[in-house]
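Read the single chain below, which is given as structure tokens and is the form predicted alone.
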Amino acid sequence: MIKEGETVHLTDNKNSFFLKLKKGEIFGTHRGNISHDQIMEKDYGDYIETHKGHKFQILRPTLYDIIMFGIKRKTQIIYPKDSAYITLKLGLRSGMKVLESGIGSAGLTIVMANALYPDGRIYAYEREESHIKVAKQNLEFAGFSEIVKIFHKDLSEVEEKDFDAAFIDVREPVEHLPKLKQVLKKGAPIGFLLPTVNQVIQLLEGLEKNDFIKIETMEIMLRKYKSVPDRFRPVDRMVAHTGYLIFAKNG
């Protein structure tokens, strides 16, 4: 049986809705209303009818579904094509202590929290209060609010130390490299996201100057294909360049 507090995906193959279940709540669609209590009487894979008789299938959403279609976006998110690679590159696992700066709408944070669950923790520093509000809502929606501690502070104000890894998505990360070197464990991996070439060059110079090692720069592209047997071809649009990824380790 589906339980209260779980996030479910309702679909009729044309329309998709994501909702966090709460007893007594009613979810309204253009196809009719659905009681949360009725959903909690079902299992994943079952169908449920609105009060107008329209059927939706109840699915368990994947993390990809939640990030791409379920969460609210106050800012541009880091797409799964990048966030999954970032999480692997940083070697995230349960029990680790991770620094993040520039939480935005928490798209990447959710992916990292999933890897850190249940005993890891993210210390997220964000300057924009409006971003924090949306990020907290999205983390609650995804079920990872207990993994992430958010500070309404600048990266320069980090007080914690001995981080196992870090990911930084701020405008001028090079200014914070001395601080990052202090709070990261020796040999700990760190990643950055930057939108422009000149920022990347400046960061690469700063990483070398501050004795970071194993420096790498890359971009990740994703190309989808139409899954129609008699018209199999690339889709007309693709998620190409979204940002430059830079990785290093604290030497």
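In case it trips you up, residue 1 is the first one in the sequence shown, and so on. All figures in this text were calculated on a predicted structure; none of them were measured in a lab.
Omitted here: the form predicted together with another copy of the chain. The next part is about that form.
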| property | result |
| --- | --- |
| 4.5 Å heavy atom contact with another copy of the chain in the model of the complex for all of Leu90, Asn114 and Ala188 | yes |
| Single option in Gln38, Asn33, Thr196, Gln182 placed near another copy of the chain in the model of the complex, where near means a heavy atom within 4.5 Å | Thr196 |
| Interface segment, criterion being heavy atoms within 4.5 Å of another copy of the chain in the model of the complex, picked from 153-161, 97-105, 172-180, 135-143 | 135-143 |
| Contact test in the model of the complex: Pro234 vs another copy of the chain, heavy atoms, 4.5 Å | yes |
| Interface membership of Glu219, another copy of the chain in the model of the complex, 4.5 Å heavy atom rule | yes |
| Any non-hydrogen atom of Ile26 within 4.5 angstroms of another copy of the chain in the model of the complex | no |
| 4.5 Å heavy atom contact, Lys81 to another copy of the chain in the model of the complex | yes |
| Distance direction in the model of the complex for the C-alpha atoms of Lys14 and Tyr79, relative to the displayed form (3 angstroms or more) | closer |
| Distance trend in the model of the complex - C-alpha atoms of Ile77 and Asn13, change of 3 Å or more | closer |
